[in-house]
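Just the one chain here, laid out as structure tokens, in the form predicted on its own.
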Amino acid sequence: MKRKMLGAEEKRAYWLLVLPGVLIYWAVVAFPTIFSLVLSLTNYNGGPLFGAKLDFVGFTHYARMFKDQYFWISLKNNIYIMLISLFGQIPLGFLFAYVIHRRLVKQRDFFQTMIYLPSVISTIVIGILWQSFFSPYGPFTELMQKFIPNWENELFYDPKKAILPVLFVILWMYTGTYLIIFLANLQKIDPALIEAARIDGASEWQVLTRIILPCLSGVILTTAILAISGSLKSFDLVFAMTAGNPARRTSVLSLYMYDNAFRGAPNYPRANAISVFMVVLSLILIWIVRLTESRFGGRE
């Protein structure tokens, strides 16, 4: 009898602790996602939403989205951002963290602060400052003209080059986040392992590849997931620096969704179709990263 009472109390305590989190998750994440999926399959075009007569049109808006050239331009730019995040921010963040942790440089606190500082500054402020820096009348133009007289800055006017300043700023801004993540986890590795390896004659490269990287396989997976999710939701920095121009050649998926929903004639179903596509793409990429780590990664 007492065991049954204890079991009932444990269940009540369990639901008391879990239910608020579940309700918040459904209200903030699950319900909006499902609602967005449903709305993308209708002909809703503004006005009262609840109680309105909505006709289901199937995947019409998805088909039109895939035929839109600006969708593919936005997706291509998101892929560029994803690549610079996965193969730029994460390796650089780890490299800086490794150098600082292994005491291969002096003034460690100074370098750690300077690298991490951009991560805590407002993204809009950073976007405006770098937009001014790369503008045709900004410091970057003056700097280049000292080496190449009469050089004309067309970065923000050339559709093929306009994304380059954005990629540079993204690399500069978020590398510090991964520095802190790797530095915190490097400090959790038992120093005795590294010392024993050095006593046995292991080089710095062998210590890195045989001990440190396998110990950080789970952390690398986490940073890859963060990089993928962050690259897909890139909006504020791109909006502040270029607003998708010139001719929407620097647009990303989130900005493309914003344009469909709030600029000109609103197309809410297509905007929701874009958001659903972003969620599905994110899940697929995360699944690929987890599969890769499970097959080739080490174990902590």
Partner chain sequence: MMRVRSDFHPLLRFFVYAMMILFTLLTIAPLIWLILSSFKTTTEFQLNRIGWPQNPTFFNYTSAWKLGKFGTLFLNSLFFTIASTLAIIFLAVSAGFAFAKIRSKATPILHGSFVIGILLTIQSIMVPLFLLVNAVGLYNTRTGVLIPYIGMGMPMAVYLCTEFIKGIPDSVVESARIDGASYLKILQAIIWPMTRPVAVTLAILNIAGVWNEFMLINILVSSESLRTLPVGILRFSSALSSDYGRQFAALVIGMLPMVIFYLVFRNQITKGVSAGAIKG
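Residue numbers count along the first chain shown, from 1. All values derive from a computational prediction rather than experimental measurement. Heads up, when I say rigid core I mean the largest set of C-alphas that superpose within 1.5 Å between the two forms.
Keep in mind that the form predicted together with its partner chain is missing from the display, and what follows is about it.
Peer 1: Quick check for you: of 208-216, 169-177, 151-159, 73-81, which stretch puts a non-hydrogen atom within 4.5 Å of its partner chain in the predicted complex?
Peer 2: It is 169-177 that comes within 4.5 Å of the partner.
Peer 1: Can you work out whether Asn272 and its partner chain are in contact in the predicted complex, taking contact to mean some heavy atom pair no more than 4.5 Å apart?
Peer 2: Output for Asn272 is yes: heavy atoms within 4.5 Å of its partner chain.
Peer 1: Indicate whether its partner chain has at least one heavy atom within 4.5 Å of a heavy atom of Ile163 in the predicted complex.
Peer 2: Ile163 lies outside the contact set for its partner chain.
Peer 1: Does the 4.5 Å heavy atom contact test between Ser254 and its partner chain in the predicted complex come out positive?
Peer 2: The answer is yes: Ser254 has a heavy atom within 4.5 Å of its partner chain.
Peer 1: Though only this chain appears here, would Ile90 touch its partner chain in the predicted complex if you measure heavy atom gaps against 4.5 Å?
Peer 2: No, no contact at 4.5 Å.
Peer 1: Which residues in 251-287 have a heavy atom within 4.5 Å of its partner chain in the predicted complex?
Peer 2: Going through 251-287 in order - heavy atoms within 4.5 Å of its partner chain in the predicted complex - the hits are Ser254, Met257, Tyr258, Ala261, Phe262, Tyr268, Ala271, Asn272, Ser275, Met278, Val279, Ser282, Leu283, Ile286.
Peer 1: Just checking, between this form and the one not shown and with the core aligned, does Ala247 shift 2 Å or more at the CA?
Peer 2: No: Ala247 shifts by under 2 Å between this form and the one not shown.
Peer 1: Rigid core aligned, does the Cα position of Val29 differ by 2 Å or more between this form and the one not shown?
Peer 2: Val29: C-alpha displaced by 2 Å or more between this form and the one not shown.
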